[in-house]
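As structure tokens, one chain now follows by itself in the form predicted on its own.
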């Protein structure tokens, strides 16, 4: 490959003239922004242990009242990007959020898209665009860009969920902001019931079709789990037992930038994923699984979360020979496909 000139090759007075005009020569940095063959990856393979994280999150509940936090969250930060950047990958933000009994996290809306994967507890809810969405372990709740949402808790025990946002990308585009609002009036509850069976959706024969961009906001874990078990039983030879969270009216991704799915590892199964361009996040809902990312090996217990950089092969293994393991996956695939940079490497 052609050896390029360095910044030090240029005379000091010439460099000073460039700086005064806010100009930068490209060739000394060309290989940094366009490395040969493969991107320069900052995202590192990393595991966040829920057992280690949970006491610190509960302590945050003691140290900081909700009125001073608005959203009481511990961010799962990837050291490859710098902890101060508060991002798990180039486009994914992760945070563990705590809501205590009787608390209310006030209504707001923001430009980044968010989802909530419920980790533990009962009795809490998220109200999104007037729809009250109850929270149970394993449920996925959408709070898409521009929709009002708030969190409340009528139960007796702490509720914790995993936040997944496309905040790093939206912030990078200088498009990230929030608008605060007042408590919503609940106008609908459990709208997802109309989409609870695959291939069957409300028909607009006697009414106008819905103009909601996000017709389904809550994806119950009981339904997703049943779908995985049914898929494994009906197609025992399938390569991977996986279902995607999609818009039930269009069949497309449930949100614009990040993709979400649930994976079942059959008893004793080892699943090798090819190297793909998007980064991936794995969050264990049930069971026990080993995740090998390049040369890093992580042993996941329930509620543990790990991150895999793009262009990196991943191997998942169910540690049990008797029981399935269930994994929630978030990735950047929709973004990569929209931009035309999606790749799968053998």
Ligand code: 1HN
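This one's a predicted model, so the numbers in the text were calculated from it and none came from an experiment. Positions refer to the first chain, counted from 1.
Keep in mind that the form predicted in complex with this ligand is missing from the display, and what follows is about it.
J.: Does residue 262 reach this ligand in the predicted complex, with heavy atoms at most 4.5 Å apart?
T.: Residue-level check for residue 262: no, no contact with this ligand.
J.: I'd like to know whether residue 93 contacts this ligand in the predicted complex, with contact meaning heavy atoms within 4.5 angstroms.
T.: Yes, residue 93 lies within 4.5 Å of this ligand in the predicted complex.
J.: May I ask you to check whether residue 151 falls inside a 4.5 Å heavy atom distance of this ligand in the predicted complex?
T.: Judged by the heavy-atom cut-off of 4.5 Å, residue 151 is in contact with this ligand in the predicted complex.
J.: I'd like to know whether residue 116 contacts this ligand in the predicted complex, with contact meaning heavy atoms within 4.5 angstroms.
T.: Output for residue 116 is yes: heavy atoms within 4.5 Å of this ligand.
J.: Within 4.5 Å of this ligand in the predicted complex, heavy atoms considered, which of 108, 225, 266, 85?
T.: So the residue touching this ligand in the predicted complex, by this definition, is 108.
J.: Find the only residue in 71, 213, 81, 137 having a heavy atom within 4.5 Å of this ligand in the predicted complex.
T.: So the residue touching this ligand in the predicted complex, by this definition, is 71.
J.: Among 271-279, 232-240, 93-101, 180-188, which stretch sits within 4.5 Å of this ligand in the predicted complex, heavy atoms only?
T.: Contact criterion met by 93-101 only.
J.: Just give me the residues of 133-171, first to last, that have a heavy atom within 4.5 Å of this ligand in the predicted complex.
T.: The stretch 133-171, when checked against this ligand in the predicted complex, contributes 149, 151, 163, 165, 167 at the 4.5 Å heavy-atom cut-off.
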